[in-house]
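Have a look below at one chain only, the form predicted alone, in structure tokens format.
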Amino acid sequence: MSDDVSDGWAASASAWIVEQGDDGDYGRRFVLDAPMWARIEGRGFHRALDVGCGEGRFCRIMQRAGIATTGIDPTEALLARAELDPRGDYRLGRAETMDVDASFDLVVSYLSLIDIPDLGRGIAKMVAALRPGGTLLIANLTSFNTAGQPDGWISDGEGTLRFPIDHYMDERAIWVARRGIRIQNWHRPLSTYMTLLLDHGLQLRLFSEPQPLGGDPERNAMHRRVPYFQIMEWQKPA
């Protein structure tokens, strides 16, 4: 399968790998990694599927918990970096068309739902990959944040930064750019995500909006004004 999916990832892969490094960017390092780790450590998970694994960083994190990992991603250059890890199983593919059996007790979407054009098919495939009783762990951008992109923070004319939100209910593709990375994300209202997950009979076990732990104080203050992230944990009925 080609990685040319016209969403900017192939052209942005090198800059993405540099930005993430070994420790991840600000959001991963100081906001998401700790609570995501708390949802997997000591839980008895044996096999995990990371959908949209990118360069494989979270697969490597899960391996520290003794979890055998499979990562899937449509971007060849990112998988090439992931495959430097000899312990992981990395596969080229998209969430909407992946072909995996229902043998995973943990499926992870770590900031990948916003990259999936056909979200309904993508979520259906994730649910199908779970064994009965398995867990779907999601880190996602908040919908009010994506509704303010791509402009993000702007000055109100009096020198005060504001974060305008508009067209919240209108699902749409948005292009975001930073430090040599230009990729297509998707804005969707929270109800779209919740309805799709509930329609599969999944049971919500956790919904959180994590606070920064460490990091630059000024950036943390901005994050608390308009948080980027939410974490959800869903369970497939046994």
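As the structure is a computational prediction, the values presented were derived from the model and not from experiment. One-based numbering along the sequence shown.
Just so it is clear, the following notes concern the form predicted together with a small molecule, a form of the same protein that is not shown.
Note that among 147-155, 161-169, 73-81, 99-107, the stretch whose heavy atoms approach the small molecule to within 4.5 Å in the predicted complex is 73-81. Residue 140 falls outside the set of residues with a heavy atom inside 4.5 Å of the small molecule in the predicted complex. Under a 4.5 angstroms non-hydrogen atom cutoff, the small molecule in the predicted complex has residue 116 among its neighbouring residues. Among heavy atoms of residue 188, none comes within 4.5 Å of the small molecule in the predicted complex. By the criterion of a heavy atom within 4.5 Å, residue 135 is excluded from the residues contacting the small molecule in the predicted complex. For the three marked residues, 16, 28 and 95, a heavy atom of each sits within 4.5 Å of the small molecule in the predicted complex.
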